[in-house]
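Next up is one chain by itself, shown in structure tokens, the form predicted alone.
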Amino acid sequence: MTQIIDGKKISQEIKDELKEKVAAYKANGKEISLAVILVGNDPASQVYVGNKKKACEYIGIKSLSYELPEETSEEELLKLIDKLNNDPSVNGILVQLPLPGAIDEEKVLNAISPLKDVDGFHPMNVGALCIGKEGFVSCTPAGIIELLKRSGVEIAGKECVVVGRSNIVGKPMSLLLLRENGTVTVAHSKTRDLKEVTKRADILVVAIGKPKFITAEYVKDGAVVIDVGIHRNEDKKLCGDVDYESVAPKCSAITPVPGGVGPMTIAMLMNNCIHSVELNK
């Protein structure tokens, strides 16, 4: 019987634990705040920002919202980030991506203080992850580790295959699985005999960005499959990078889309905000 890994339930557990932590900080006179910057009016970004605000409200984190017009210049945005970097009452800074075309995303993300980079995208935090030092970890991969652990999946000694090598998911995911003593292979669009590589996986994490790309013939019997993708199919229904209907019967455990990895990303963002208090001591 395939275990359906319930990201909604697990993310709620994490948020409830964080709520208690925040209440304890407040009892000691410490308020935690997250600054969220949105440039322009991209509808998907507005939804994501709204969800982050709701999570802050639930947990008890103060949410500072900066909604800037589309025509905001790079210089104005960098000035705001500098101001927030130097504001001791701000624990975390998040710039919602994508940014308008005239703004250099890399320059903006690098301008955020590594001690307030709750998205875990700053080169210093990525470097810290590489060498096993303290720092912020990218929220989606961190959430996947929590999904596995809280679902009773042992990582140590397992063959782990990550399909995708993006800076946001694929690369940090492989490093986190290594940290948990998994044996890790990173596969991508240039990997030869991809099916043979993925069929070795005890734990298969798919972040390839192609709807229903991974079918049953890519997966070995009894594997744990984590689907990071999110797309709308021809019927406008949400689906992932994994063809759930054909793959699920072969797995020991699998994440659905929606309701799998997605809810974990915001839960881990909230976790990073609280972790920032420790990092900034």
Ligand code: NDP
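From a predicted model like this one, the values you see are computed outputs, not experimental measurements. One rule holds for the numbers: they count along the sequence shown, beginning at 1.
Heads up, the form predicted together with the ligand isn't pictured, but that's what we're talking about next.
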property: Interface membership of A207, the ligand in the predicted bound form, 4.5 Å heavy atom rule; result: yes
property: Touches the ligand in the predicted bound form: T183 (any heavy atom, 4.5 Å); result: no
property: S89, heavy atom within 4.5 angstroms of the ligand in the predicted bound form; result: no
property: 4.5 Å heavy atom contact, V169 to the ligand in the predicted bound form; result: yes
property: Y58, Y66, Y244, F213 - the one with a heavy atom within 4.5 Å of the ligand in the predicted bound form; result: F213
property: Candidate from R165, H122, R150, K158 lying within 4.5 Å of the ligand in the predicted bound form - any heavy atom; result: R165
property: Stretch from 228-236, 66-74, 28-36, 247-255 whose residues place a heavy atom within 4.5 Å of the ligand in the predicted bound form; result: 228-236
property: Sequence-ordered list of residues in 186-209 near the ligand in the predicted bound form, where near means a heavy atom within 4.5 Å; result: H188, S189, K190, L194, A207, I208, G209
